[in-house]
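Here you get one chain, nothing else, as structure tokens; it is the form predicted alone.
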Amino acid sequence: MIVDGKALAASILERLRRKIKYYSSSGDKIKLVSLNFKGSSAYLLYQRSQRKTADYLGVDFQTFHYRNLTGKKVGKIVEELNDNSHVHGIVIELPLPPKIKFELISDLLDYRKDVEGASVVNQGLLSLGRPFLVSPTALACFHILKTLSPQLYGKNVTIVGASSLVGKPLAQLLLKEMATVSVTHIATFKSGNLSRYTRQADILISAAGKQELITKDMVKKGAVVLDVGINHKRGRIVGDVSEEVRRKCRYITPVPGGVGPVTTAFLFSNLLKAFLNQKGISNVKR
């Protein structure tokens, strides 16, 4: 069965819209700022989704485009936004130019405005079991899995991709549910062992960014498959998972229209959480 990510996102956004309307009623509008330093088609897709969602929710969304900046200048821009009390969330869009290291820039973010959960503080809090702002993509995958299979205890989960924004935080969320998690990466692939892990997975999540990496013979029959990859094939967007896998698995998320819309919803869920924290309003559930 193909998972309708747009429908899942719509239910999250409707609840968010009511909350944002309530907390914005005093005239203090919630604001998200997006920083782009190297244009890409994947970024433009994500940005359009962000802007459309911001308009729906009544959020002030502002984008800044920069080219040919040094890491020092980028750091100064981030620090100025940290100090701006009218900005409640900051997104650093990827990819960055080669000379600018994402880890160095993300660690300059005020963790209270780090709506993508990229900073060392937010990642550290997650690893300690005290999460504050967590990667929206990881939250989206976790939400989809809990919707499809509420009982994750003891499930064999394989994550393809060990990035700090998807694989690692998602593994932390799943471990807390007592799932048995294997995180694979480029070395697993190069050693020829990737299929050894994917075939045993009750739940398979691919976030490698490699077109048709996951084929039918690599998937356990009846598995749940989440495709997080974004690749370009003859002018259209495709994921990491081959279309033939759909006939073998129990559930699968499409690309586009699967994990993506839910990720955007959780980005704005994080934004509301950040806003409430900055205003000193606590004990508010998602």
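Start at 1 with the first residue shown and count on from there. Quick caveat: nothing in here was measured; it's all calculated off a predicted structure.
Absent from the display: the form predicted in complex with a small molecule. The rest refers to it.
Visitor: Using a 4.5 Å heavy atom cut-off, which residue among I144, V78, V91, L194 comes into contact with the small molecule in the model of the complex?
Guide: Only one listed residue qualifies here, and that residue is L194.
Visitor: Looking at L174, A208, L126, A201, which has any heavy atom no more than 4.5 Å from the small molecule in the model of the complex?
Guide: For this set of options, the contacting one is A208.
Visitor: Is T137 part of the interface with the small molecule in the model of the complex - any heavy atom within 4.5 Å?
Guide: Yes, T137 lies within 4.5 Å of the small molecule in the model of the complex.
Visitor: If you check in the model of the complex, is I230 within 4.5 Å of the small molecule, heavy atoms only?
Guide: It does: once the small molecule is placed as it appears in the model of the complex, I230 has a heavy atom within 4.5 Å of it.
Visitor: Consider V121 of the chain shown here, and say whether it contacts the small molecule in the model of the complex, taking contact as heavy atoms within 4.5 Å.
Guide: V121: no contact with the small molecule in the model of the complex.
Visitor: Give a yes/no on whether F132 approaches the small molecule to within 4.5 Å in the model of the complex, heavy atoms considered.
Guide: So F132 does not count as contacting the small molecule.
Visitor: Could you tell me which stretch in 50-58, 23-31, 221-229, 64-72 has residues with non-hydrogen atoms within 4.5 Å of the small molecule in the model of the complex?
Guide: So the stretch in question is 221-229.
Visitor: If you check in the model of the complex, do F37, I105 and L109 all have a non-hydrogen atom within 4.5 Å of the small molecule?
Guide: Per the other structure, none of F37, I105 and L109 touch the small molecule.
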